[in-house]
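As structure tokens, one chain now follows by itself in the form predicted on its own.
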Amino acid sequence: MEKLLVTGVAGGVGTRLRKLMKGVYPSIRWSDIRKPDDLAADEEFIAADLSQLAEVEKIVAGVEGIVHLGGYSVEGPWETILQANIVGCYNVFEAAYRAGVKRVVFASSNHAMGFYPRDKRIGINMPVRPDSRYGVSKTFGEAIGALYADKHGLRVTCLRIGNVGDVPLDQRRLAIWLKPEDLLALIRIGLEHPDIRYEIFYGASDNADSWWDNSNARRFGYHPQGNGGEFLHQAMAAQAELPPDPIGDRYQGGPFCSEEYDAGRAG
């Protein structure tokens, strides 16, 4: 990859990746709807609203690969999710296709699968069970990625990211924690592995209590370095400070499942 585009770089994950990816690829163009405050003089940045195709075509021009982190990163009103995560995601894939981009790594989310119970181990071939409008938008991104891979030959990798951070912050995140360096390793597989066509990986480190079978990522050479179990005591101490959540504590998506939950009223 001589020229790479990374969207969503003003967010928390994007900010971490800017530091980790510097020097990994010869040329990286960073983009977001707003300019990061700590942008260095030698970093190329072009602002873009992903819901506007013409703006997306501008940032995609001349790149070989895209890491698509951009969008609305939490639950929100439908119109917000629609424009940022669904229209915006379509625009990224369509602009990539028009520009002859070779590969896209799409930041999907664990919230595409959030309504699986925590006592069920799931792989990549299980049906999606989104826990929110945000989760629905991530299932759309995986589907549009599959369409452009199968119909147009774009090489696409979807990362169902857990929680990126220095340490897991509570009991749920012991299972889904993703060390930033492990995220970079997954991205590099998506951008560089010769056998990638269309793949889904779980974005998680080597966590002892993981709910996910990530053997597909390991098949492509993923060797995670982080292990959430190393932070068990501090994560459980933080968990003890949280109020009980009878719904969220049952499902993998946590509070994304309990927010607006009223299924008990049915039937």
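The structure displayed is predicted, hence computed values, not measured ones. The first residue of the shown sequence is 1; numbering continues from there.
What comes next is about the form predicted in complex with a small molecule, which does not appear here.
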In this chain shown alone, the residue from Gln171, Asn91, Asn163, Thr139 with a heavy atom within 4.5 Å of the small molecule in the predicted complex is Asn163
Exactly one of Ile176, Met113, Ala96, Val105 has a non-hydrogen atom within 4.5 Å of the small molecule in the predicted complex; which residue is it?
-> Ile176
Examine Gln83 and determine whether its closest non-hydrogen atom to the small molecule in the predicted complex is within 4.5 angstroms.
-> no
Residue contact check: Phe256 to the small molecule in the predicted complex, 4.5 Å heavy atom = yes
Quick one: is Ser109 in contact with the small molecule in the predicted complex, heavy atoms, 4.5 Å cut-off?
-> yes
Does Tyr148 reach the small molecule in the predicted complex, with heavy atoms at most 4.5 Å apart?
-> no
Okay, which stretch from 70-78, 97-105, 188-196, 119-127 lines the small molecule in the predicted complex, with non-hydrogen atoms inside 4.5 Å?
-> 70-78
